[in-house]
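There is one chain below, alone, in structure tokens, taken in the form predicted on its own.
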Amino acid sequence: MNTYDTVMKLALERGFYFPSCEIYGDAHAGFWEYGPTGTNMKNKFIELWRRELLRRDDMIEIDGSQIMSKSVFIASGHLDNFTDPVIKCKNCGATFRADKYIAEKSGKEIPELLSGNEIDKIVEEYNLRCPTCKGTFLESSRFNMMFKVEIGPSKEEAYLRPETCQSIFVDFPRIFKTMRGRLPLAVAQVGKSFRNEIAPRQSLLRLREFYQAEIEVFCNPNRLNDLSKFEQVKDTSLKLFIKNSYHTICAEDAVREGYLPNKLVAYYLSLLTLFYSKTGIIMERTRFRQLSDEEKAFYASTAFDFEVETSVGWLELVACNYRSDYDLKKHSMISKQNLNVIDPSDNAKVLPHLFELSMGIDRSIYSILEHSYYEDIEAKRVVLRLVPPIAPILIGVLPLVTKDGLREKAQDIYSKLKLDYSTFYDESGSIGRRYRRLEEIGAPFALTIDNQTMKDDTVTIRYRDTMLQERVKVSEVSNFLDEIVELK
């Protein structure tokens, strides 16, 4: 069993995530749900994102609508450009995403934006056939991935958002006014987006309904290097992958030597690096890959993908795009609203440019699980080495036995800890088996109540990774946990 399948098995058995509507035969692919364990982990990941990015940088957070008007997506270009290439079998009608299918069968990397004629030439060159019936393919076409909805009895046309950023763009004038904004102004949002993927597979790695954590930085294009807070991160090491060549370089030198266009971009790439270094991702297996002109989104002038290496290859976790004034200019034109603002720095009118960090939460969760997965052969145990801020359960409370007052003492300790920490109570089975269950969901600590507890009011704290134990007074358990979480 490969690593992906192993992580999938663990996720299903331990309540991290599972297919939506799985009891029904007509359940659609591309929809997955978080179980209790996965929900806890996802919520902690988002809270860490808020702490390390939003609060650190004084960002503003909003919560926009998931259904938006047609005009929004005319302005954004999604109704015209948000497409993937498809090929369809002449014989059985089976449809496949062209770039992925060609890459799988030929080993040839195909850019998403490659023209239909080029795709058809490659299909012919490699004599590709339908895997279902061995039939030949029709000419390739483009498939728009927007989910259309109808509103009210008059069935007005609207769409589920394909990304969380558009509400940030259209809300910008009100946000800037009510929050007395100054450029650069970073606005964030976390929530669900919807894309009608052609052939979604591999669980959380490609979904039709998925979570994004989006940050849009509104900035003055004339002051991209006028950023005093850059001094805080200038020594951050960035691993850049540009034109098939690696450059591990500090943020300040990356700007000076022209690998990054300006201090604003370098600053936010540094913040992103510092954030992921606290999630349990193995940073030596990450990179910022610069996208070629063929790969960039239609709205991006400069683009880097923050990627992580996994058992299924390099995964994009965060799209880092300098969108210039594309979005506000388009929304201004379609809405007939003036979206210029006064930048107090030079008291001049400006149409802000945008730099975005568009994060895939689900892919991040999967990557953390895979990077944290460990099989301890000697001890015959499976361990998720999740860092405390991300672990769905921080500590398990386990009475050694359920008699002689130990159960009541354990329940009393649990009732107090659970109000402030993610805590799990377990009295079922041998103590060794209970340890293993906690290790498989990544709980860093187990607290055991034994006969000595009844004598001196101390408990045993067991460390997940080393299996070492220490005695701690019950009154000091909260301080112990606070210090551990803060250190991480």
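All figures in this text were calculated on a predicted structure; none of them were measured in a lab. A residue's number is simply how far along the shown sequence it sits, counting from 1.
Below: the form predicted together with a further copy of the same chain, not depicted.
Only one of E209, E252, D325, D305 lies close to a further copy of the same chain in the predicted complex, with a heavy atom inside 4.5 Å, and it is E209. With the partner removed from view, the residue among Y299, F241, F147, F275 that has a non-hydrogen atom within 4.5 Å of a further copy of the same chain in the predicted complex turns out to be F147. Only one segment in the set 160-168, 348-356, 311-319, 382-390 has any non-hydrogen atom within 4.5 angstroms of a further copy of the same chain in the predicted complex, and it is 160-168. Using a 4.5 angstroms heavy atom cutoff to a further copy of the same chain in the predicted complex, all of R51, F143 and Y414 count as contacting. Although the partner is absent here, F45 sits far enough away that none of its heavy atoms falls within 4.5 Å of a further copy of the same chain in the predicted complex. For the chain shown alone, F480 is not a contact residue for a further copy of the same chain in the predicted complex, no non-hydrogen atom being within 4.5 angstroms. Proximity of I431 to a further copy of the same chain in the predicted complex: non-hydrogen atoms within 4.5 Å are absent; the residue sits far from the partner. Taking the partner from the other structure, a further copy of the same chain in the predicted complex has no heavy atom within 4.5 Å of any heavy atom of K403. Residues D58, I60, E61, I62, D63, G64, S65, Q66, I67, M68, S69, K70, S71, V72, A75 of 58-85 are found to place at least one heavy atom within 4.5 Å of a further copy of the same chain in the predicted complex.
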